[in-house]
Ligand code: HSE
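Quick setup: one chain, the form predicted on its own, written in structure tokens, and binding and motion questions come after.
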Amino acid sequence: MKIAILGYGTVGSGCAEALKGSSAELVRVLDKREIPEIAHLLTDDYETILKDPDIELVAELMGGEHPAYDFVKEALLAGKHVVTANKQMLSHHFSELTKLAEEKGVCLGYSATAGGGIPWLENLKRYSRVDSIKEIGGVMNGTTNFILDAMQTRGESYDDALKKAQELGYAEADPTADVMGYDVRAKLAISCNLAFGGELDPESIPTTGITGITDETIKCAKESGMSVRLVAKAYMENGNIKAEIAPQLVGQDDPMYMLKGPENLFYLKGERCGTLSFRGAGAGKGPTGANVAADILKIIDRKEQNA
């Protein structure tokens, strides 16, 4: 299957590397920069991708709500499969885009929008079909966990830990979305849509980030034998979704206590399956790119089986 990638940054290049030698043929890359190693694939005109009947799948890896939303919608309307890792965009347009894909008879893959390389959404979708999910949650952001872990295990200040996270590529130059909890908010909204149905507006989720965590907070937690984590949690109550994101103290008997560096941990509690947790690298070129590639190859396999 011939595919196009929109955005050749960290995730886009990671996806391309993961697809090498597979049945996916990368024929076009949308990016305004000059990238010598893929110069023969580059275009800055989305219409050339949209109107190419040979391109059957578009991987949107640009980030941001616009123009990503417009590009995804146009691709679906054109009858092309779409895979995205764009949590902010998808969390605001989940129902519209999933319904549009269904109406057009194409696939919309979004496993990498929450969890990076962790197979969280795929398993959440799987269990939600056969079980009643009572609760979901966890530590859903690697940047904030890296900062909190550095403060707790190495005694670093918040500012020093953030600077190191930026140097290592875990945090953006503008870390607002991570440290204020907005990144987690988008991931939790998408997860709730799968677990409980409907569409949860991410803006409606009470969210507190980690900017208020001080050295004294960390000291008190350690003296109590606990650790501080930015925890997301959602559950059903009287037919309504209750969701919240805030720093919490977790004890040593909690799996979240042992998370190191940029690790994530997602969990679900089901009526039949009990509690299941998924831990691993929640971001990065390799893990996230591989998860996007896995979505692409799943769509290709499905097409070949139906051929």
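Only a predicted model underlies this, so the values are computations on that prediction, with no experimental measurement involved. Residue numbers here begin at 1 and follow the sequence given.
The discussion below concerns the form predicted together with L-homoserine, not included here.
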**Complete:** Picking from D215, E102, D160, E172, the single residue whose non-hydrogen atoms come within 4.5 angstroms of L-homoserine in the predicted bound form is E172
**Fill in**
As a check of understanding, the residue in G142, G109, G138, P202 with any heavy atom within 4.5 Å of L-homoserine in the predicted bound form should be identified as G142
**Asked** Within a 4.5 Å heavy atom cut-off, is A16 in contact with L-homoserine in the predicted bound form?
**Response** no
**4.5 Å heavy atom contact, A283 to L-homoserine in the predicted bound form** = yes
**Message:** Residue-level question: is R185 within 4.5 Å of L-homoserine in the predicted bound form, judged on heavy atoms?
**Reply:** no
**Asked** Do K87 and L-homoserine come within 4.5 Å of each other in the predicted bound form, heavy atoms counted?
**Response** yes
**Request:** Could you tell me which stretch in 38 to 46, 56 to 64, 242 to 250, 275 to 283 has residues with non-hydrogen atoms within 4.5 Å of L-homoserine in the predicted bound form?
**Result:** 275 to 283
